[in-house]
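Read on for two forms of one protein chain; each stands alone as structure tokens, with the labels structure 1 and structure 2.
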Structure 1
Amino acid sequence: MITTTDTPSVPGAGAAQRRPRPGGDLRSVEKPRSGARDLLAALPWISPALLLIVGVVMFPAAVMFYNSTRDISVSGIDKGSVGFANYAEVFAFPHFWPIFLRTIVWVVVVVVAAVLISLALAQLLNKAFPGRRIVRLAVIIPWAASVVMTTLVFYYGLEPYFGIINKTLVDIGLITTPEGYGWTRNPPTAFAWSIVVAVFVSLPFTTYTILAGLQMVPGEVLEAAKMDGAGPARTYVSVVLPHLRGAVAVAVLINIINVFNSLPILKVMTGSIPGYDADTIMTMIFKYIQVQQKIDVASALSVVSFLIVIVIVAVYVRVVKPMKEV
């Protein structure tokens, strides 16, 4: 109660000079210093990072864009510019829009499922119980294992004749054909199982991000909610979730980009399926490179997918405003 009387004066002072500075008078002396000089002074410190960003991000992106406007032969020889013909080919491909829609379904379902399950998992792991450390370690395992390896475990489990998942389903009588069902041989089931695997491998990162967020929820606030008579559900929705906003925002953003750009799961799970009924934009890029050996068209589709990711992230940031303070 004492603090409430104090607060009006404290924010006022904080807003004026957020960081404590040695001698308030010096500020006016420093002020004329231009932004360019500030930048120059900072350069030695930020230049390594800048160099890396230019070398590892900007340069390859520029090369990709350049390649997308060239005509590159099967053996990789550049045969000159073709303008935007490669983009025209990408959009003229009759399966492009189904693939685009499937990509959106893929990203939305995987991210939503991963976040919802992770919220529950993180809640569980935040409670003290015997063996919690071991359970926490177990949750990390899908993260530590290579994605291809995890996917292959599922893939072989789903194989007809010898897959353990198929065998189990046959033994308990859910599948009547004795060799099992070709889960990875049919586009809808292969795609659905890919989503399951993608959620599975996304869980560790998402759970730990949210778990970190949970530990930031101050105990006093929870206690206050309890004293005010809020039940567990009310406490979770009105107190815990708003505090998790930052953590969930990070988890969702990184997951969107990760899942959108994920190739290995779909490549392993749907690789043997003919046609384009289980493809996303990533596997399509892969098929352009690997099967049709059209590096130019693949580059064009990569640029398109790059733009799509930017749009998705922009829409997300705009609509959800994840960075807004609670």
Structure 2
Amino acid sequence: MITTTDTPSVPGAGAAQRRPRPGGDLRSVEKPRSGARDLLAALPWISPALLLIVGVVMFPAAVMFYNSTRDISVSGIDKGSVGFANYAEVFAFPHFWPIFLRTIVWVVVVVVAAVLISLALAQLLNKAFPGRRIVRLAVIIPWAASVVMTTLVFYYGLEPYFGIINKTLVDIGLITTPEGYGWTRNPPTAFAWSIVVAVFVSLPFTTYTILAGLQMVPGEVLEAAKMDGAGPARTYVSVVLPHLRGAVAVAVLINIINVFNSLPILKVMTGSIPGYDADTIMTMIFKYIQVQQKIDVASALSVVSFLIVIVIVAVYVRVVKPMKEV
């Protein structure tokens, strides 16, 4: 009769038994490559992108910050350092805070309106109907066309005497006489129409981003919601919108950056209006450069604008977490 006894476990015995035999596959025992070695191996591939970031983003930003601390004459001569005097001049400017608040209104209204309209438009374009491909291509036109060209179409369409938009408003009875409405000559109306143009220009990118998100909604989830008795509205709110979280978050983030830094629309629509009642931070920077020829103060305001965008984006990413899975 053979009796068996338990063999005491020896530390490392299992590892020794799992060692590959001579001539066997050694990949299982390869040591992981160090992070520095991986970085050196990837450097030839990422160096063009790094050079682009340094040359297009970091170097201009450094020059901008440097100029914001200098006293630069009208002719461009650097007269020496002035510390933070240019920043003090920016914040002491009496129209700065109204301009800052107008910039916030400009960004919030344009982004919210563009996203809400794009949600409905993307839902429509996601349906099957005759001519859907043509409609989808038509939506791209404001995106493909130049922003200045699109804005000029609106600008001349709002002219009191020969503008087609103004004449249409008269024909449908929204206004009485075209001569009495100089939309682009009055700060409030010019700023309001600038918002309309900005929303119109922002629709293609936002719509296609949300449309791409709609394509990722699983069909079986929609079928399950229908079988559970959920109506179209309940299905959209409870099923579709959660799956669109990532697409909407990215669209909002990109629109915030683009709209905040937008200059052509406001420059065309409000550029002929004297004073600062229709300005945002971007148009104020332009006026510092073109009208007052203060490169140093314009650089200080640009740094302030850059920091505002960074703070907004950081807070947005922190709160919304756009890359978080559903």
Partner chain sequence: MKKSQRFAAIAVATTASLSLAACGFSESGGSGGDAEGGSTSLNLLVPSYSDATQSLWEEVIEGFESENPDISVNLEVQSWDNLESVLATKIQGGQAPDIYNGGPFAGFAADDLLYPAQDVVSPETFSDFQESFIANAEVDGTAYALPLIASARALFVNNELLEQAGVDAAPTTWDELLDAATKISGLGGGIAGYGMPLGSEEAQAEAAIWLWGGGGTFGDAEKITVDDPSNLPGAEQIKKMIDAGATQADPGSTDRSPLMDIFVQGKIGMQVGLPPTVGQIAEGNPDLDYSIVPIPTRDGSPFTLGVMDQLMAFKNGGDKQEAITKFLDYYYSADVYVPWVQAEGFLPTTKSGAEQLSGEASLKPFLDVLPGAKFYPSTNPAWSATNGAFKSLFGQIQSKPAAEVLAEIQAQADAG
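What you are looking at is a predicted structure, and each value in this text was computed from that prediction instead of being measured. Definition used throughout: the rigid core is the maximal C-alpha set that superposes within 1.5 Å between two forms. Counting starts at 1 with the first residue of structure 1 and goes up one by one along its sequence.
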Number assigned to the form predicted on its own in this pair: 2
Hey, does residue 41 budge by 2 Å or more at the Cα between structures 1 and 2 once the core is superposed? yes
